[in-house]
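To begin, one chain is listed below as structure tokens, in the form predicted alone.
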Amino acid sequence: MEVARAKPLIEQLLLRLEQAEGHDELQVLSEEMRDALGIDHLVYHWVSSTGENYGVGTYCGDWIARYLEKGYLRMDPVVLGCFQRFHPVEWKRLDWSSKAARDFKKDAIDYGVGNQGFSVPVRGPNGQFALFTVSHNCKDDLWDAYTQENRDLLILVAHYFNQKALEFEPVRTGDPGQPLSPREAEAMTLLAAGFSRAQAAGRLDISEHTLRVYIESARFKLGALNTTHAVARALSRGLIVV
């Protein structure tokens, strides 16, 4: 689970993700990203604005078949919990009190999903809902350290997957404005997370002047009156997640 050394590879994968042209390519990238992040599984599932379901990820085929056969989607605490939230969710903080939930968790672990998980809910235009998830099998202290250190990176990867998923939708209506570039989205995400402009520029390793260019460009695309308004619009449209 050593991510720091894999940062250059992750940046290359994000660039490839940005340029991906089809579902098959997205699947391959999900597998390579899982390995780069040093976890057991990575899954990205989204429901389009027309209600169609799509997914890529690294769960084994037997678990996917089992999940569908048992109708777990209707009671999966991760899906239900994330649908009610806007912020990333640690699986162990969800409600596992019912017998059905506990049986589901045991079943998932038996199929290799892992006993730890971190999910990022994403909402896009016209009712699009997506869920980006990483999971692993390890002790609580190791997982807590991993997610605390890499939370921003995982949110960024979720954003890249979601932006590409939106591009793949065959029909999109009522989605005003232009999409944000990855750098614009990164800048807005950091501001939404409470970073000052100086801190955000430092995190992105750019000057405050360059950061201001990205912010103003995003504000124009979003049709916002000011930066605060731009952040609110970006969040409400699912263009960024915090």
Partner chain sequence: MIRYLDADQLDKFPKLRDSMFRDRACQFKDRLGWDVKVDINGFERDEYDALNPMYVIWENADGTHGGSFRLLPTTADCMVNDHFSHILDGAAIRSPFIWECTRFCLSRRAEAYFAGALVLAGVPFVQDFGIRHVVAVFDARMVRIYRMIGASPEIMGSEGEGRDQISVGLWAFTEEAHARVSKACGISTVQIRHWFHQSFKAPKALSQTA
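What you are looking at is a predicted structure, and each value in this text was computed from that prediction instead of being measured. Residue numbers count along the first chain shown, from 1. If you superpose the two forms and keep the largest set of C-alpha atoms that fall within 1.5 Å, you have the rigid core.
If you look for the form predicted in complex with the partner chain, you will not find it shown, but the lines that follow are about it.
Asker: For the chain shown here without its partner, which stretch in 65-73, 188-196, 29-37, 209-217 has non-hydrogen atoms within 4.5 angstroms of the partner chain in the predicted bound form?
Answerer: Answer to the contact question: 209-217.
Asker: In the predicted bound form, does Ile109 have a heavy atom within 4.5 Å of the partner chain?
Answerer: Because a heavy atom of Ile109 falls inside 4.5 Å of the partner chain in the predicted bound form, the answer is yes.
Asker: How about Leu131: is it within 4.5 Å of the partner chain in the predicted bound form, going by heavy atoms?
Answerer: Taking the distances in the predicted bound form, the answer for Leu131 is no, it never comes within 4.5 Å of the partner chain.
Asker: Looking in the predicted bound form, any heavy atom of Cys138 within 4.5 Å of the partner chain?
Answerer: Output for Cys138 is yes: heavy atoms within 4.5 Å of the partner chain.
Asker: Verify the contact flag for Lys105: yes if a non-hydrogen atom of it lies within 4.5 Å of a non-hydrogen atom of the partner chain in the predicted bound form, no if not.
Answerer: Looking in the predicted bound form, residue contacts with the partner chain include Lys105, since a heavy atom lies within 4.5 Å.
Asker: Residue by residue through 134-164, tell me which have a non-hydrogen atom within 4.5 angstroms of the partner chain in the predicted bound form.
Answerer: Contacting residues: Cys138, Lys139, Asp140, Gln148, Arg151, Asp152, Ile155, Leu156, His159.
Asker: Quick one: core overlaid, is Leu225 moving 2 Å or more at the Cα between this form and the one not shown?
Answerer: Yes, the C-alpha moves 2 Å or more.
Asker: Taking the rigid core as the frame, does Val213 move its C-alpha by 2 Å or more between this form and the one not shown?
Answerer: Shift at Val213: 2 Å or more after core fit.
Asker: Look at Asp40 and decide if its Cα position differs by 2 Å or more between this form and the one not shown after superposing on the rigid core.
Answerer: No.
Asker: Distance change of 3 Å or more between the C-alpha atoms of Thr227 and Leu156 in the predicted bound form: closer or farther compared with this structure?
Answerer: Closer: Thr227 and Leu156 approach by 3 Å or more in the predicted bound form.
Asker: Thinking of the 3 angstroms or more shift, are the C-alphas of Val89 and Leu204 brought closer or pushed farther apart in the predicted bound form than in this view?
Answerer: Those two alpha carbons end up farther apart in the predicted bound form.
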